[in-house]
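Below sits a lone chain in structure tokens, taken as the form predicted alone.
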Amino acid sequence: MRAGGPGADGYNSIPAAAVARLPIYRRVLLELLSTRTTTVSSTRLATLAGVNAAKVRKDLSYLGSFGIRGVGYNVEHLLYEVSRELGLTHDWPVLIAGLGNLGSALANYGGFLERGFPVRALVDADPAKVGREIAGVPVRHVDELEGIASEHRIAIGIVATPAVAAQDVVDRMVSAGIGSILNFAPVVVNTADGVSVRNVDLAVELQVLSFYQRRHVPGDLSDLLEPGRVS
């Protein structure tokens, strides 16, 4: 991902932790826009996003110079720049593999479409689930994954299978040309270079919260929002 600041090749790469905070800023900017707020200071944006102002200014500096001293940021313009950097100026079709409780819940979640991630395809290995529809999308057999990915031009794959099946599904996704994968299976998966993978283990996240709960110390979890793996 590229940004507007100069570097050795003309650009700076945005650190992973900063990338992980961009969606939080975008959510805040959308809320401000809905209240017809036209400008926002870095201090106010930081408060609403739950980080410090210096971190906000540093993160946004990777995108370019948009703030005006003494005035702040134009909300609409900054929203566009953050959305553009996140690749949200057009839709990214999604395929979900594994339609158990979690996969079905993800398939039913309308927020994906609102945010530019329409769920176009669902696959599962269970014959009892194949042929059903979830949120208007038919469930097809995982053996059809490659053809389905091509048919719907799938950009992002979501893995919600049991751990034992995750690597096989990921291999199928990579073979089908899917370059970005969100893995909910409780196992680390391996991919070829050039494929981006984020591992989301809900049990691990709860254990992190348990760490802070045990000590009664508030944790700035924004620094923990690192990709499980990006290659």
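Computed from a predicted model, the values in this text were never measured in an experiment. All residue numbers are counted from 1 along the displayed sequence.
There is another form of this protein, the form predicted together with the DNA, and it is not shown here; the text below is about that form.
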{"query": "N199: touches the DNA in the predicted complex, heavy atom cutoff 4.5 angstroms", "finding": "no"}
{"query": "Close approach of R36 to the DNA in the predicted complex, 4.5 Å, heavy atom", "finding": "no"}
{"query": "4.5 Å heavy atom contact, R27 to the DNA in the predicted complex", "finding": "no"}
{"query": "4.5 Å heavy atom contact, A105 to the DNA in the predicted complex", "finding": "no"}
{"query": "Candidate from L206, V164, V188, A54 lying within 4.5 Å of the DNA in the predicted complex - any heavy atom", "finding": "A54"}
{"query": "Region of this chain that lies against the DNA in the predicted complex, out of 85-93, 68-76, 115-123, 131-139 [heavy atom, 4.5 Å]", "finding": "68-76"}
{"query": "Non-hydrogen atom within 4.5 angstroms of the DNA in the predicted complex for each of H152, V174 and G194", "finding": "no"}
